[in-house]
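Quick heads-up: it's one chain on its own, the form predicted alone, in structure tokens.
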């Protein structure tokens, strides 16, 4: 498929934007200006001011001599670029690949998009009409190269679509400025009478290079498709992304659910065919007012099962506000991992964390409780209890060492030990009682001590003597004395975990 591009020229970008927010400005000539070396210079003029002979680059004092009642507003730095970024994100409803072309344009790669609107002419008309409805004065053109589309949108007359390799024909009668050449080159072309591109296309390349340098040839080759021109999208394209435009605006939950189901079926079929599964996904609703509402999910294991993913999204659909109507749905999976088909077994035991049903259960729980409420831990190569475990990055991560089985460890280990008050007899004897959260626990059974030395190559500190103790109510705790026993001073005791 041949690539297709569209360029959109906003002829009065910043002044149109102001007029949209202040409708009274539409009826009067006004300009935007900024201070340059102590003088106010016009940076943008609306169409009514241009009709009075006022345009960019003029000094405000000179402009007011022409039109005394001219309204002058302060320009804001970077406003044009910010407006282009917002408009580029708005055009995602028409194509996923959009780049800004400062100071007043957009570049869209529209390959394979126009058929959804009934052809390129209808597609071009739809976009320009929508922008005009929003209040922008625009010209747009479509061609097989960025250079040709840019030239036609700024200087073209009549047909603004170059079909199937006709870019050279569309460029013949346009001026050299249509090639986006520097002012220095344009100044050298004009005295020679080279005021149309057909003169340049017909001239020997060696002569053009010798007289005007490589820039002219590069821009000419880009426009004619001899050299590929790259663009930098405002949002990096996602490989796994599906779109569903709406013939009529959708404003009901039922319509949203149907759209989500269709997109999931399409995306999951593609993922399954490529033996992939998604780890994160986002469902976005693009509304008529230019705003977008989105919900996202994550999975603990790569999944391409549409029914399971739909249930994860279903719990969040209520947060989507469809007013004033949704015109485009998108579903994208930015994080995708390998998910080969599992081997069918005649018999098997419980699969543990490798069982996809466990991962799906965790996904459902995470959707209700939040991802921060579910953790999986693996043993780590440390003796010090706080460092002996680590968070697993995923369900597929395997432990580097086995869980220690020679010494019992508590089911719940506190993130940091809590100091407790203890009554204990002579050294190496377990305590008789301890106080925790205002309650006295009398110890009936105890085992220990287990001495754990500080890992001196990581941190210096006293050793610990750990005891497993059981109180009168049958609750078991893991407590320790910090440092060696000293008869002349009280020792510090800490609670570090619970066995039940």
Partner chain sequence: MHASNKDIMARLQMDILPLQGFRPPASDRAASMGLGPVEAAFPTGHFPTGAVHEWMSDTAEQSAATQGFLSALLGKLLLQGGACIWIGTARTLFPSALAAFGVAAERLIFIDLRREKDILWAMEEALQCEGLAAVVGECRDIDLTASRRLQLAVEHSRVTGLLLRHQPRHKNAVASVARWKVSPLPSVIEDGLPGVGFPRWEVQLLKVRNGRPGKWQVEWSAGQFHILAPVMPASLHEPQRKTG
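Numbering follows the first chain given and starts at 1. This one's a predicted model, so the numbers in the text were calculated from it and none came from an experiment. Rigid core: the largest C-alpha set superposing within 1.5 Å between the two forms.
Keep in mind that the form predicted in complex with the partner chain is not shown, yet the notes after this line are about it.
Distance criterion of 4.5 Å from any heavy atom to the partner chain in the predicted complex singles out 357 from the list 357, 205, 226, 253. Checking 210, 291, 269, 415 against the partner chain in the predicted complex, a heavy atom within 4.5 Å turns up for just one residue: 415. At a distance of at most 4.5 angstroms from the partner chain in the predicted complex, none of the three residues 55, 58 and 221 contributes a non-hydrogen atom.
Residues with any non-hydrogen atom within 4.5 angstroms of the partner chain in the predicted complex fall in just one of 471-479, 64-72, 29-37, 455-463: 471-479.
The partner chain is not drawn, but in the predicted complex it has no heavy atom within 4.5 Å of residue 115. Although the partner is absent here, residue 321 is not a contact residue: none of its heavy atoms lies within 4.5 angstroms of the partner chain in the predicted complex. Contact check for residue 446: a non-hydrogen atom falls within 4.5 Å of the partner chain in the predicted complex. Proximity of residue 85 to the partner chain in the predicted complex: non-hydrogen atoms within 4.5 Å are absent; the residue sits far from the partner. Residues of 252-275 include none with a non-hydrogen atom no more than 4.5 angstroms from the partner chain in the predicted complex. Once the rigid core is overlaid between this form and the one not shown, residue 477 counts among the residues whose Cα shifts by 2 Å or more.
If you fit the rigid core between this form and the one not shown, you'll see the Cα of residue 381 move by 2 angstroms or more. Core-aligned CA deviation for residue 437 between this form and the one not shown: 2 Å or greater.
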